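Here you get one chain, nothing else, as C-alpha cells; it is the form predicted on its own.
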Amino acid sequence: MPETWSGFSYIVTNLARFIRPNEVTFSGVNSSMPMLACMLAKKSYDFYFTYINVAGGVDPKPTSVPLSSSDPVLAAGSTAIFANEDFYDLCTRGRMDLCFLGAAQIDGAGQTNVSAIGDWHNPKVRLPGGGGGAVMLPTARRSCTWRTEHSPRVLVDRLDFVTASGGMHGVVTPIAVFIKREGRLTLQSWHPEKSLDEVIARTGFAIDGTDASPTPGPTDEERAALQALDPDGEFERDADVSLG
C-alpha cells in the first residue's frame, strides 16, 4: 500500500465491510470501534441498512461522535427508541441480522470468553460476564467480534471458559480478518503490510489460509468517512492499537 494502514483504521473499516444492504445491525456497550464502523458505513456505502445501538438509537442522527458507545447522543434524531429487552427480542425472533459483540478470548470454533481468565474457581482475572452476548451470539443471524491484539493469548486453541457460542460469523484484528466456514474460523485476508506466515504464527488455533489474500485497502470513501468521524485522532489514540 502507498501509505500505512493503521491497526485502528484496519479494524474499523473491516468491521464496516461485514454490514450488508437492508439489514438490521447492532453495536453494543464498550464498542467504540463497531460504533464507528456503523457510522462509517452510513457515510461511505451507497446502500441502506438499519443501525441500532445500545444507547437505544434506531438510525440516529447524533449531533457529535461520542467516545462512549453508550452515550445518549447516539439516540438523537432516532426513528424509535429501543430498550435492552427489545434487542434481545429481535435476536430471539430471528430479526437481528448482525451484532457486533466483544470478547476477551476467541477459539477456532468462534466461541467466546468474557467470563474469566484462568481457572474459573481461582481466576487470574474475573471478567464482566456474558451479559447480552450470551443471548445474542447464538440467536442473531450473524455476529462479529474484534480484538485490538492479535496473539495466541486472545486467539486461543482452548477457551478458559465458554461464555457464548453459536452465531459467530467474523473476527477482525489489527492484522487479519477471519470468517467462519463449516464450523471453523478461516483466514479471509491479512493486513497487506504483514504476511500469511506472521498471522499463522500469532494465532493460537490452527488456521486454513489456502484461499486467503492481502486485504483490499481502504477506499477513498472509507478513508474520508473515518477522517470525518475522528478528525483529531482521538479515537485512534484512545484505542492504542498496534500492528505488533
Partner chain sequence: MQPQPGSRDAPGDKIKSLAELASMIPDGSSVALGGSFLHRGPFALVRELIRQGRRDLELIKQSPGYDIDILCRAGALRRTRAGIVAMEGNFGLARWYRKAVEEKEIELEEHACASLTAGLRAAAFGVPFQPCGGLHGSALPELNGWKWGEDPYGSGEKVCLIPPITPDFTVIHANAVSELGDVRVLGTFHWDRIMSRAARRVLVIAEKLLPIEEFRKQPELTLVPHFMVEAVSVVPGGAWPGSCWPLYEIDYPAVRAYVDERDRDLSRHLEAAVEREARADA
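This is a predicted model, so every value here is computed, not measured. Residue numbers count along the first chain shown, from 1.
The protein also exists as the form predicted together with its partner chain; that form is not presented, and the subsequent description refers to it.
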Even though its partner chain is not shown here, does it sit in the predicted bound form so that 152, 158 and 223 each have a heavy atom within 4.5 Å? no
Can residue 184 be called a contact residue for its partner chain in the predicted bound form at 4.5 Å between heavy atoms? no
Any of the heavy atoms of residue 30 lying within 4.5 Å of its partner chain in the predicted bound form? yes
Residue 198, heavy atom within 4.5 angstroms of its partner chain in the predicted bound form: no
is_contact(residue 202, its partner chain) in the predicted bound form, heavy atom dist at most 4.5 Å: no
Its partner chain in the predicted bound form: contacting segment from 207 to 215, 172 to 180, 58 to 66, 185 to 193, heavy atom within 4.5 Å: 58 to 66
Suppose contact means any heavy atom within 4.5 Å; which members of 37 to 60 contact its partner chain in the predicted bound form? 42, 43, 44, 45, 46, 47, 48, 50, 52, 54, 55, 56, 58, 59
